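Heads up, the chain below is alone and in the form predicted alone; it's given as structure tokens.
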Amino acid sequence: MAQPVYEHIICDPAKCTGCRLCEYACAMVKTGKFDANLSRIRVVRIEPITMTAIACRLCADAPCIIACPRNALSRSEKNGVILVDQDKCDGCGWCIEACDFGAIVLNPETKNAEICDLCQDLEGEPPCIAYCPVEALSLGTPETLRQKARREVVAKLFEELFKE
């Protein structure tokens, strides 16, 4: 039986300017502090000049859940987000090591792991998406990305074909 595929935050690096407003919006909503270090989404630079934002990809066989020695991580059946039981988490970092995307952060204040939960407790789209000034962030799946890439390739082919 195929595992469900959940929507997660996707960043279009062609649009991302690295402004970090997504980080600030996340931190403000989750902690009440305007401090990007408390964000559950991270803007990273991919040399030489590409910027992209990284959040939890909601992996099918989430290695973070498997790696947690305290069973502090679980998956929401509602939307697939990875939940952290703050009472069980001791900040050991095994989940951080296991994440291939670098999408798990250690809260510098609580010393517990934190993972994007798509702001599931709020109405509407996550604030990181809502406040992105260049609309670089969206919700999607790996298939969404593949479809977008195919459309872009076809558009470029038509552009080259009818260039004259």
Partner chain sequence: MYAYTGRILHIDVTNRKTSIQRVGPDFIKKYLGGTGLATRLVYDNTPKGCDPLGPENALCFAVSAFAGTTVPVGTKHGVAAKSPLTGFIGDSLSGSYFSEMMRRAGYDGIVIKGQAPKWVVVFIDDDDIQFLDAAPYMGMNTLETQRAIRERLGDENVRVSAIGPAGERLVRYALIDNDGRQAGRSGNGAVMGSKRIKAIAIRGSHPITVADPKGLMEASLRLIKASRGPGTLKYRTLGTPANVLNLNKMGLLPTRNFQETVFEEAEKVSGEYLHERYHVKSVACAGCSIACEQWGAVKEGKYKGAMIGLDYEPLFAVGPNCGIGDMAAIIRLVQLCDEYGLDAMSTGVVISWAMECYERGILTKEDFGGLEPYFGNDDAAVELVRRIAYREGIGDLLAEGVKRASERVGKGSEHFAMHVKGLEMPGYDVRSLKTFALGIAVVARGADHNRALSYEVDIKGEVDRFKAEPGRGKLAMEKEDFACILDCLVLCKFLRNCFTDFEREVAEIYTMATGIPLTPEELKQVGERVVNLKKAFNIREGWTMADDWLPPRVLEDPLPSGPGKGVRVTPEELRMLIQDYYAARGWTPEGLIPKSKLIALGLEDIAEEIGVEEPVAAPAAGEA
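Residue numbers count along the first chain shown, from 1. Keep in mind that this is a model prediction, so the values were computed, not measured.
Separately, the form predicted together with the partner chain exists; it is not shown, and the next lines address it.
S.K.: Just to confirm, L21 within 4.5 Å of the partner chain in the model of the complex by heavy atoms?
M.R.: Yes.
S.K.: Can any non-hydrogen atom of P142 be found within 4.5 angstroms of the partner chain in the model of the complex?
M.R.: Contact with the partner chain, no.
S.K.: Answer yes if any heavy atom of A130 is within 4.5 Å of a heavy atom of the partner chain in the model of the complex; otherwise answer no.
M.R.: Because a heavy atom of A130 falls inside 4.5 Å of the partner chain in the model of the complex, the answer is yes.
S.K.: Within 4.5 Å, heavy atoms only: does K33 come near the partner chain in the model of the complex?
M.R.: Yes, K33 lies within 4.5 Å of the partner chain in the model of the complex.
S.K.: The chain here is shown without the partner chain. Which stretch in 96-104, 42-50, 66-74, 115-123 comes within 4.5 angstroms of it in the model of the complex, by heavy atom distance?
M.R.: Single hit among the candidates: 42-50.
S.K.: Suppose contact means a heavy atom within 4.5 Å; in the model of the complex, does that hold for all of P13, C16 and V29 with the partner chain?
M.R.: Yes: P13, C16 and V29 each sit within 4.5 Å of the partner chain in the model of the complex.
S.K.: Looking in the model of the complex, are the Cα atoms of P48 and L21 closer together or farther apart than here, the change being 3 Å or more?
M.R.: Between the C-alphas of L21 and P48, the gap narrows in the model of the complex (3 Å or more compared with this form).
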